[in-house]
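Below you'll find only one chain, the form predicted alone, shown as structure tokens.
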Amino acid sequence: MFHTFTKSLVGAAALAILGTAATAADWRGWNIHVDGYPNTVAMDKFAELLAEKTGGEITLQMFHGGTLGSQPDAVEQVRLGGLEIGNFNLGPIGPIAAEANVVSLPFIFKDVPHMFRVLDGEGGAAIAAGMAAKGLYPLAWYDAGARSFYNGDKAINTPADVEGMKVRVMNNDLFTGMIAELGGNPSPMAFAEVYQALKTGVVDGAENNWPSYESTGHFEVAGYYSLSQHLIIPECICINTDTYNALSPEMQAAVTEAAQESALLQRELWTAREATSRKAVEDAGVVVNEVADKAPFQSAMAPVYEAYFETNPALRPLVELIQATD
């Protein structure tokens, strides 16, 4: 009897060990940003919180600096389950999930706080559902700031100031259409080529957020920064949808909580980094101007929106919902 009881205990212990092994997971995560960048710090915090909140059942090894491949490749890897986690900009996700592409519409958001109000509400839920259906379940939203125009010749205050200007943009029809409707000449090119293009006059200007403008040295060859804030595109912590759905409700809650806590840290760090970058370029002599009236820019985008609705008619209600969000 004792022998039988002992065997039962050993068997139960073995099952417990096997059960733990079966539920434990070693995840891998992708991030394009370098050490010290707000997203990198926050993603490392996410990994720490993930282990803590799941009692070590889930661990995450982060690979920063794009070491596991380019962003488009990493997006596909997460969608297919080759990677579990990715910190992605929604720009490259737009062509995959139409709902995500609405955030790339020029002036869709009034400012960064408005963007987060949208993402934390019904609009964000619709975007998340569209992404999840394509294999990318967003756990939390990260700040990537607002993109504004910069050039080497003059402050931009009205659409007329963009007329005839060659402006580098990301390779997206929404962005090329934006510049064209302002009377400029859109020049899509790789980000790594922009500094030299500005220096040699291949392009007259470009657009980006404060940290990118400062950290790349673009301010050295384009000393006018105009706060148009025409694009406000968030980033996400995305998990493979099937991986998330396979978790217990308790584990899903723990994973989501860890991601959202890391997002609060990221937003705080991002705000500080923007302030640091702005001060650095202003100290270097960059002329910074607020665009007092964005309405003429917004009005000029009507053809861009209509072209978008022609190919995405079902998304008009989502765009209208975002615009109506206070």
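Rigid core here is just the name for the largest C-alpha set that superposes within 1.5 Å across the two forms. Numbers follow the displayed sequence, beginning with 1. Since the model is a prediction, treat every value here as computed from it, not as a measurement.
Beyond what is shown, the protein has a form predicted together with a small molecule; the following relates to that form.
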Examine residue 227 and determine whether its closest non-hydrogen atom to the small molecule in the predicted bound form is within 4.5 angstroms.
no
With the partner left out here, check for me: in the predicted bound form, does some heavy atom of residue 208 sit within 4.5 Å of the small molecule?
yes
Going by a heavy atom distance of 4.5 Å, is residue 99 a contact of the small molecule in the predicted bound form?
no
Since only the chain is shown here, I'm wondering whether residue 214 would be in contact with the small molecule in the predicted bound form (any heavy atom pair within 4.5 Å).
no
Partner absent here, but in the predicted bound form, which of 196 to 204, 131 to 139, 168 to 176, 106 to 114 has residues with a heavy atom within 4.5 Å of the small molecule?
168 to 176
Go through 291, 60, 281, 32 and name the one with a heavy atom inside 4.5 Å of the small molecule in the predicted bound form.
32
In the predicted bound form, which of the listed residues (148, 256, 77, 89) lies with a heavy atom within 4.5 Å of the small molecule?
89
Candidate spot 71, 191 and 235, all three in 4.5 Å heavy atom range of the small molecule in the predicted bound form?
yes
Aligning on the rigid core, do we see the C-alpha of residue 252 shift 2 angstroms or more between this form and the one not shown?
no
Does residue 127 move its CA by 2 angstroms or more between this form and the one not shown when the core is aligned?
no
Aligned on the rigid core, do the two forms place the Cα of residue 206 2 Å or more apart, comparing between this form and the one not shown?
yes
